[in-house]
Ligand SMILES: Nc1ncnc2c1ncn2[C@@H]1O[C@H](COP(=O)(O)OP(=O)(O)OP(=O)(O)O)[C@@H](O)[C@H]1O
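In structure tokens, the next block holds one chain alone, the form predicted alone.
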């Protein structure tokens, strides 16, 4: 069997005397779409931040595409080329157009200006927003803004996409567009998707759901 895209082993993360994550272990296979569910305060977003190298565990190991995330020296390169991060509130810059928001992820990569433009056009077409390239976020629907955020996260062709409640604030049509996009990424590019979600629409489309409660994966939730 091939190595997993994500391998979490005995991870602990404490804040003060509270263990938000306590001995969490699981795998996610290459090209798999997995959701992490559970009540508010269960540690779901903390786990996502650890995977995205936005935080470090107090114990245990996290390996993403063969890289020991907890001990990386070049975090910017990891976040740029190994993982794409998508947040519920999009984090787009309102005064920039859709194409400018996506292009920001390509600065500092060494790509020629024309190559950056070509890549941005390709990404917006991939998420079905070529016609909105010159639009700014305040004029776009929630679903359109989320798809721009996904295009930006995919700019450097990361093999892993990490998403925090990517459909939680979207209506059914917009959520369906985002979920169809995730399915297409799996089918055409073998992108691994790990999403934190309370949204049953998202969980229903995932290959597998893990339940995190009280800092632990519930019995049957771990795959390792």
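Because the structure is predicted, anything quoted here is derived from the model rather than measured. Positions refer to the first chain, counted from 1.
The discussion below concerns the form predicted together with the ligand, not included here.
Distance criterion of 4.5 Å from any heavy atom to the ligand in the model of the complex singles out 45 from the list 63, 45, 156, 174.
Contact annotation for residue 165: at least one heavy atom lies within 4.5 Å of the ligand in the model of the complex. The closest heavy atom approach of residue 188 to the ligand in the model of the complex falls outside 4.5 Å.
By the criterion of a heavy atom within 4.5 Å, residue 56 is excluded from the residues contacting the ligand in the model of the complex.
Residue contact with the ligand in the model of the complex: residue 20 places a heavy atom within 4.5 Å of it. The stretch in contact with the ligand in the model of the complex, judged by heavy atoms within 4.5 Å, is 36 to 44, chosen from 36 to 44, 175 to 183, 64 to 72, 23 to 31.
Along 176 to 200, a single residue, 198, places a heavy atom within 4.5 Å of the ligand in the model of the complex.
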